[in-house]
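Quick setup: one chain, the form predicted on its own, written in structure tokens, and binding and motion questions come after.
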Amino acid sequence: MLDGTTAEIKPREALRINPAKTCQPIGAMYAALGIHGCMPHSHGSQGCCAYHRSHLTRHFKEPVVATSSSFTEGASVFGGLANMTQALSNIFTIYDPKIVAVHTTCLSEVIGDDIPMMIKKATEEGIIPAGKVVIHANTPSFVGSHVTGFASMVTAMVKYLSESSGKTEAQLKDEPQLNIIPGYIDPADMRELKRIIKEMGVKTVLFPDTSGVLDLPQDGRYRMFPSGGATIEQIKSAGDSVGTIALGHFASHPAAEKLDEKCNVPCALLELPYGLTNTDRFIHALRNHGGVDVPGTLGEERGRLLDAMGDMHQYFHGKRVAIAGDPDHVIALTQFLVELDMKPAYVITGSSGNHFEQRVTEILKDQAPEAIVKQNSDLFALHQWIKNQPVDLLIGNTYCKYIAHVEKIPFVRFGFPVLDRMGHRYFPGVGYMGALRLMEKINDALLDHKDRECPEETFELIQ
């Protein structure tokens, strides 16, 4: 039975049913994979680590490596120091990574393990070899979400690695470098950001960077540490950049603000570059910080997007849409849907943070002021709202497919995780070209549904 949702809405405060999020360590593990030569390490039980690895593997369709402190009852009672010490010894002896990124789990957080002390002790005892690095982020699953975990690990990269060499402002401007913190996006999106940056001719450090790590070509060889990822040296040099562009309030802004505080690198805090306006803002920020002009090639891409928006407007106009997912994704996507003249009716995220409701409400104040916008919500509530007042389109991750199936709604898979389809890690959603792809997916979903459901007398060859 796929439909266990009732139409009668009752108040719920403490209970979440099908929350539109997952736990912090998954985000921390994903961020760690964006460092070249990094071994993510889960300080907790093997079961937690196995779940986090399998969830990422199912989304990216690539083997995700990580190690575990392998807690048992003894570690739960006496603490995980012995487990961590043995784990670090094994990791550097067997796998020889350049860096280990430790994240915690519920169990190690509840017993109060002091990770910095453990790292310090392992360094003093020579367990961490000279020239190797261990960083950490606290990521208990009982608070926050995978987006919080991602943000915490990226902030840890800044805290442990980024540093200022003491160069003067004039010296930095001689060969200006710009930091890009891309947010919780797929490898294809990071690759597209780098393509746009290259077109602009701006020298940048993008971290974390999972392109070349979780979208590898098949050449018959397995590499535990692929060629992709931001290097330790690049992340260190972020402290000598002229500025930082952080994409996404929830996933990227904390690290950018930490870098500003630590190394006095000013930051521009933007939303993810989904759609026309947000991509314009990203390119404008690159132009300002890099002191360059926008090349004609990007102008042509923008023009093609505008042309397609005009061509498809008749299919999008006034369509009611429900959106669920990560807060940064949903905020940017809501902006794009407004640009397409659609009407977001229900906009939710499972993550907490009042910024989400404030920003989405601001975006919708003219287009759909009656929309229901909720942070810390769940898919059960979304389904109930749809049962009471249906929508024309649903956009969200794979878990939304049950709602779409039962209510016979056109469905576009978007965000994290996408577990039941292939290809999303290869095709970007960011930038002008990514916006074209999102429009195609939305239009195909709407017209395919119309062809399936319409009576024979309105079944047309050309729509």
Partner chain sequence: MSEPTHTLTAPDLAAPDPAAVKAEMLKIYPAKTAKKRAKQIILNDPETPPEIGANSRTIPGIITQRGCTYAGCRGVVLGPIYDILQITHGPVGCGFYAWLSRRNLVRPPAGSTNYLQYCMNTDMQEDQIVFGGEKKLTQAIREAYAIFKPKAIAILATCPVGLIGDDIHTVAKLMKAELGINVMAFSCEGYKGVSQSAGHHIANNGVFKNIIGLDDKPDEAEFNMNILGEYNIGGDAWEIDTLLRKCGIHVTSTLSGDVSYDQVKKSHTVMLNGVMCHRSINYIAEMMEKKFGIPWIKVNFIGAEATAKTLRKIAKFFDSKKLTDRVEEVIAQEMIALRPVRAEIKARHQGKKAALFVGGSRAHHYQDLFRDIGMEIVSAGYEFAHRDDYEGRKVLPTIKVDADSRNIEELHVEADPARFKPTKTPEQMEALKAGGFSFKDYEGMMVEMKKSTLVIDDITHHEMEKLIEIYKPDIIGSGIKDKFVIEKMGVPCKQLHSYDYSGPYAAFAGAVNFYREVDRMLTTKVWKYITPPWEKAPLASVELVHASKLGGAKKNGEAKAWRKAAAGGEEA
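From a predicted model like this one, the values you see are computed outputs, not experimental measurements. Residue numbers count along the first chain shown, from 1.
Only in words, not in the display: the form predicted in complex with the partner chain, which the text now covers.
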property: Site check V338, N354 and R421: each within 4.5 Å of the partner chain in the predicted bound form by heavy atom; result: no
property: Sole residue of Q358, N288, S76, T231 within 4.5 Å of the partner chain in the predicted bound form, by heavy atom; result: S76
property: Partner-contacting position among P217, G310, G318, P369 - heavy atom within 4.5 Å of the partner chain in the predicted bound form; result: P217
property: Answer range among 263-271, 322-330, 89-97, 246-254 for contact with the partner chain, defined in the predicted bound form as heavy atoms within 4.5 Å; result: 89-97
property: 4.5 Å heavy atom contact, A50 to the partner chain in the predicted bound form; result: yes
property: Heavy atom of F380 within 4.5 Å of the partner chain in the predicted bound form; result: yes
property: is_contact(I283, the partner chain) in the predicted bound form, heavy atom dist at most 4.5 Å; result: no
property: Partner contact for N443 in the predicted bound form: the partner chain, 4.5 angstroms, heavy atom; result: no
property: Neighbours of the partner chain in the predicted bound form among 132-161 [non-hydrogen atom within 4.5 angstroms]; result: S141, F142, V143
